[in-house]
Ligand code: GLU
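In structure tokens, the next block holds one chain alone, the form predicted alone.
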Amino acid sequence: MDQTSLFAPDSPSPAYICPFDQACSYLDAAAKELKLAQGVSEILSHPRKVVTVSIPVKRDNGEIQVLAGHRVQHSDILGPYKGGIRFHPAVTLREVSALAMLMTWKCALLGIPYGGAKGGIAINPKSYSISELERISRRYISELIKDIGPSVDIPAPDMGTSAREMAWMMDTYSVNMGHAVPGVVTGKPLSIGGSLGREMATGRGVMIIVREALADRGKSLSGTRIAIQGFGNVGGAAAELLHQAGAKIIAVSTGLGGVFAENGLDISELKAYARENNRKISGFPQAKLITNPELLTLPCDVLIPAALENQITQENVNQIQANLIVEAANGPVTLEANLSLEARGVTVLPDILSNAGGVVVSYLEWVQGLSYLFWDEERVNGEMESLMVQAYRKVMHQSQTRKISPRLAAYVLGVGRVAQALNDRGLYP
């Protein structure tokens, strides 16, 4: 599908892997498998609304800087838009558009009544003070105030944002509405309507998918050798929960590098070490220093890329030794690398399934906020686990029935549900 009329390329580099083009390729594959009409595919390949706003911010030194903020709303066929807001230097309109599309399929796959959206500002949060970040967050959300709301579009934290930013955004929206509106964002602090279980949700979802995939192979988490690229909110939570379940976490990494231990890392001690050393893990005792590229090629049972996109490519795919890859990050395996892995018999469980725990608990937070009835953590975790396990089993059943990869099966389920809803609703006018 030709999207050049909508978005200019992000990079002239011939080696550049465009996330939006890759997302459209997955849609094309699912549409072909489902035998969708061309018109339906065309509708689903275009975001419904693309908003770019100017964000003037006064720096602490008095200087004025104007930033660009994006919000892409891909589809609301199944319900309100849902998706994170990321503050990261690599944010582009095409990237945000791709992630919005993937969120649509993710919500549909999990049976959540949401459509996909995504937002972002191309900044490095570490280059701004807390007061500057507050001004940026508040101005950004005020510029989008006509395009968001608890029944319209519900933002959430993403890379570079957290409960702190969500609190500022919720307050800004509420002040403009004249009353508290806790349902306008999810991932908030507990004090203003956040949900128990949200902090560990994405990592817990990853753990559940790994557990279910191993069970299908007649194995358990106990003693399973796992390497995790990423030790932040997702990778760190997954490492902790998998370690508690008996898995042997042989390596983890951050953007500054990682650590490896043949007999497994003590994740509790590693987390404590990171807290005491400004998130650095490279000097952790009884562990060998390792680079991010080296981590990906370690001999292990399960590889979990939980950092950035495009980490497993044609350049390193032949060095991958794991026979099960669980995508905790968005798009860590490129389209070409995925085809190579499938040809070798390596199972890749896609991001729209594996990292869906976060959006599931965001949905549960939204439900609690609308009802003003809040649950204990055990119930939240139980509801999330039920949805994750159901989705995994549906994907694997579809994969086996159609004799297609788990990735294509997940897209067939997600795209198929949205396409069916589109056909049932009809085309206006």
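Being a predicted model, the structure only gives us computed values, none of them experimental. Residue numbers here begin at 1 and follow the sequence given.
In what follows, reference is made to the form predicted in complex with the ligand, a form of this protein that is not presented.
When the ligand is considered in the predicted complex, only one residue from Ile281, Ala251, Ile208, Ala156 comes within 4.5 Å through any heavy atom, namely Ala156.
Only one of Gly116, Gly358, Pro305, Pro350 lies close to the ligand in the predicted complex, with a heavy atom inside 4.5 Å, and it is Gly358. Residue contact with the ligand in the predicted complex: Gly84 places a heavy atom within 4.5 Å of it.
For the chain shown alone, Lys106 is a contact residue for the ligand in the predicted complex, at least one non-hydrogen atom being within 4.5 angstroms. Within this chain, Arg198 lines the site of the ligand in the predicted complex, having a heavy atom no more than 4.5 Å away. In the predicted complex, the ligand sits beyond 4.5 Å of every heavy atom of Ser97.
With respect to the ligand in the predicted complex, the three residues Gln229, Asn292 and Asn338 uniformly fall beyond 4.5 angstroms at the level of their nearest heavy atom.
With the ligand omitted here, the record of contacts in the predicted complex names 156 to 164 of 119 to 127, 176 to 184, 156 to 164, 219 to 227, defined by a heavy atom within 4.5 Å.
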